[in-house]
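Let's start with one chain on its own, the form predicted alone, as structure tokens.
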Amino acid sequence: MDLLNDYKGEPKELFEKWFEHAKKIGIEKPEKFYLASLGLDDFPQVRTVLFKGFVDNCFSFYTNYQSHKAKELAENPNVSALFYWLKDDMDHQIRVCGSVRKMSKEKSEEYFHSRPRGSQIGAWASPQSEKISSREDLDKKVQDLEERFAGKDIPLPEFWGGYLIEAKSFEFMILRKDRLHDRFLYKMLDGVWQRERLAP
């Protein structure tokens, strides 16, 4: 699948074509990507999160607003995201740089209620990134919440919701033999995406 060299459209559309192809050929969890931010200690931090589709033309993901990464994003909203897909005819990488903002509560709530009930309970139970005493205490908290919400809809926690990444640049790369990769950078300039080829 080589949609890169002669592609004339916008980078978001190219991302969607690659993403759909990754799903079509059966790549496991094609929505998985690596999110890098600047830690509060000035060390770069990276973790795996899940892309949950475009919202308002931005990449979306969800997390606990009291987690380490949320605290980092509150201090510095600039992030990098890396998608990498390898299978059959596909050896593709996409890097996205941009800035994040919180999603509206209404859209976070809509997504929260689409999740499996166990995941909704998990969002309430886990004080993400904080020290906990034992697995048993976490399991007990889950059990208590299951009893608390038995037969009821589970509300969106105030401390949980979505983020939107507004892309400032995209870098697409098709990995090829002898490291002679095809690599293109898209950057926004005066409201228009500019494309340039980079050396591999």
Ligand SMILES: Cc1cc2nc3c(=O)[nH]c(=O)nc-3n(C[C@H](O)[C@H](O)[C@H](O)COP(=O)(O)O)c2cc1C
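Heads up: residue numbers just count along the shown sequence, starting at 1. In this text the structure is predicted, and so the values were computed from the model without any measurement.
One more form of this protein, predicted together with the named molecule, exists but is not displayed; see below.
Q: Might S169 be said to contact the named molecule in the predicted bound form, defining contact as any heavy atom within 4.5 Å?
A: Flag for S169 set to no.
Q: Decide whether S129 counts as a contact residue for the named molecule in the predicted bound form under a heavy atom distance cut-off of 4.5 Å.
A: So S129 counts as contacting the named molecule.
Q: Is there any non-hydrogen atom of R47 lying within 4.5 Å of the named molecule in the predicted bound form?
A: Contact check for R47: yes, within 4.5 Å of the named molecule in the predicted bound form.
Q: Using heavy atoms and a 4.5 Å limit, would one call F149 a contact residue for the named molecule in the predicted bound form?
A: F149 lies outside the contact set for the named molecule.
Q: Which among 116-124, 86-94, 67-75, 101-109 is in contact with the named molecule in the predicted bound form, heavy atoms within 4.5 angstroms?
A: Selected stretch: 67-75.
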